[in-house]
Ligand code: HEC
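Below you'll find only one chain, the form predicted alone, shown as structure tokens.
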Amino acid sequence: MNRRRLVALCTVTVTVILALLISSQTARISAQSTGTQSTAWHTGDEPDKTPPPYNPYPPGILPADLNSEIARVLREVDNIEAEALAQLRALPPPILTGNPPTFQNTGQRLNVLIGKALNFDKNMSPFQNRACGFCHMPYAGFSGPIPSVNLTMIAYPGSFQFRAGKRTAQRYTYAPNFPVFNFNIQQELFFGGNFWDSRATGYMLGSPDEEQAQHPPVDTQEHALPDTACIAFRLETAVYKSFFEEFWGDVLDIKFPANTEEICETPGGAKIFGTSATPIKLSPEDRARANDVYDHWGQSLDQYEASPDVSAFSSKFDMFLAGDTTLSADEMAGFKLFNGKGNCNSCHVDGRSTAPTPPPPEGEAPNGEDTGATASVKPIFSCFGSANEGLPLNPRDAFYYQNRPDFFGFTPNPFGFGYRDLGLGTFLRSGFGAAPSPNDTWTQFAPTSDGQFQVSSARDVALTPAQCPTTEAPGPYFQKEFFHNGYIKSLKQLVHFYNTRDTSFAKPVTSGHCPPGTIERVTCWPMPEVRNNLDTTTGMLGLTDTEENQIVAFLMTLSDGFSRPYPDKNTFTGVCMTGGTAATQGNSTLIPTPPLPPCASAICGVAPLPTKPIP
């Protein structure tokens, strides 16, 4: 069956139903109306087409070059996929031997390369146009690869354009090192898990990273497959199927019903599925096989991400720890500030001690110098916990505008600007936009976790393509986005935010409304989106402008690829940005936050209630 062709009778039926449900859907293709056909959803024997894109956005949310940049990244994804297939074919076959049976010699590399092939296979989506790698490319530290998206709409458009999520594309690098999500009784804090809100707990597979890989394929805003079994179905025709079965066995022997392709090319959330998460009707035995395949999907992807292909430990800092290089004067000064006055090491743990804190009036941040010996030669630069750093609500986030039905009758965010991202708190409540919590004893801690997001590894935070050697203006630079909502646009801003957040509030304003005479992100920080549980170890560090820049210089030493080439780093075919200053980077794209309605009761009114009302 043609993978872009619906069975005629079923398609006509579906189309009529959807047309009645969403007759008001506008078929604009982008805010700038560029490049994409706006033809109706295909039926019967018509040529292969995709439905008209979803565009509830006012002008200025979608970047003007979005269509061409999507096409660029898809070409790059195809190139890396072809490389993975060539590497698989060139690999000497492993020998299954021993007891327990082990793939001797090249077995581990086989699994890593299977994971790479899976990561860059764009067929694993309804419209065969989104791979995991589309949002996570090597040259960006396996985070977002489109500078204009990082500058504007924050989250990446999924398989059904232009549905988009609500958060930045978190880096893959070193994510496999995060432990299974757990609650520390003594500290009364949560640690581990994957994702910004830690919802990939690892409770079933024993690995948060393996579980993380299982979320995007069925996320309505990302790959958007409507059923996890669609992965096994698409693997049936994958070019690398033989390698998958060589490693995992004859697990793809599944009897799929005749309408499976029709189901798998309809994005999740479509009205025709109702609330069903398993619209493909399989026998219990075949459903179990499909579930096994989905577990293997996560396991192979985890092995790829844990390998030196992704988590390489090849930075200048790694060589410094090994005694094979020295840091420059500014880098060394930044390293000392990282562990001392900047207080970065209290969360982004680097295997050294955090310098002692002096009593007031010197301040709450450490001002001493770390004199401890290195305790870890492979630090991950994370405490694996979560914190609320007080990020302002970012009105550029595309998710706020997705408050009306799309072509398939799905409304991604019915609350509009009534949505507030409570992060870990929402997950512990099994709330809107998160995932079900597998442990109801955690729910009681939701109020003290509201607004908290995962402390990501600081490694590769500055990794960029070779032709764009920095994240900082004037460049040439590669535009990134930082923190869960992409509000921060440069490492200079990131450090300045930690340094001055509590000292530069003019009044409780939202983004785009800083008072005259102030500069947003420089002398004015808008109020936090969630004021509860604010981390007070930062905000008034007392760093000078030079000291901020020195910390940035140190962060750049954490980029992989210094001691040996970083795989696939040179696959970027886009254009670097130039001009401006790192301090005001992104200010040209500021838009005013509209008057905010109260936080929707479906988010902030779910028991146990937040400790203080969320504005």
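Note that the structure is a prediction, hence the values are computed from the model and not measured. Note that residue numbering follows the sequence shown and begins at 1.
The form predicted in complex with the named molecule is left out here; the points below concern that form.
Residues within 4.5 angstroms of the named molecule in the model of the complex, judged by any non-hydrogen atom, belong to 135-143 and to none of the other stretches in 284-292, 135-143, 99-107, 261-269. Three-residue candidate spot Y156, A169 and L555; every residue lies within 4.5 angstroms of the named molecule in the model of the complex by at least one non-hydrogen atom. C344 is the sole member of V530, L428, V149, C344 with a non-hydrogen atom lying within 4.5 angstroms of the named molecule in the model of the complex. For the residues E222, D227, D450, D397, the 4.5 Å heavy atom test against the named molecule in the model of the complex is passed only by E222.
Among heavy atoms of F483, some come within 4.5 Å of the named molecule in the model of the complex. Remark: L113 does not count among the residues lining the named molecule in the model of the complex, judged by a heavy atom distance of 4.5 Å or less. When contacts are judged by a 4.5 Å heavy atom cut-off, A131 counts as touching the named molecule in the model of the complex. Proximity of P526 to the named molecule in the model of the complex falls outside the 4.5 Å heavy atom cutoff.
Taking the named molecule as it sits in the model of the complex, the stretch 512-551 comes within 4.5 angstroms of it through a non-hydrogen atom at D535, T537, T538, L541, I551.
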